[in-house]
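A single chain comes next, written as structure tokens; it is the form predicted on its own.
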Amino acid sequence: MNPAFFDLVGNVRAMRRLKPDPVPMELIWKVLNAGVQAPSGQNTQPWKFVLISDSERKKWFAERYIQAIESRFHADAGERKANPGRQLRALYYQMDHMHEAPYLLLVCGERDWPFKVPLDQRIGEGPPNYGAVYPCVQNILLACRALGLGAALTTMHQVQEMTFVNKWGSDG
């Protein structure tokens, strides 16, 4: 039995109110190392990381994140719900302060066709391989929590995926 593990798992939650305090790069390396220890089919580790620390790039990313939220939920920043609940308040905070976090970490999954899709039906790019990426992301979230760092999983940026690729290309 390892009660510390179960305490850790029981305490992981989305933390959207992140402090702007600097985080030593050695902790980021620990977090990323935890991510790459995740299992993946045939041990292919079909992910790449983009770590954004530059303030202008964080602002640029945060602006697109807000646009993605607004386009998905058909509401702009000026039309925020009055007296929102706790979760919505946290989301609003994340939208307004994302650029202040010391780092933004994107876990990018390789696109791959599932085996069940016949070769003749594989047209265009394959879908993201979420089944391989999410164990990596979970390890990252657990590592952040174990190190006293805040983190939250979001996939909303995918609405703007091509904007990111066109802006930064594959070199981030």
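Treat the numbers as computed from the prediction; the structure is a model and nothing was measured. Numbering starts at 1 and follows the sequence shown.
Below, we turn to the form predicted together with a small molecule, even though it does not appear here.
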| item | value |
| --- | --- |
| Interface membership of residue 153, the small molecule in the predicted bound form, 4.5 Å heavy atom rule | yes |
| The small molecule contact at residue 17 in the predicted bound form, heavy atom, 4.5 Å | no |
| Interface membership of residue 91, the small molecule in the predicted bound form, 4.5 Å heavy atom rule | yes |
| Proximity of residue 134 to the small molecule in the predicted bound form, heavy atoms at 4.5 Å | yes |
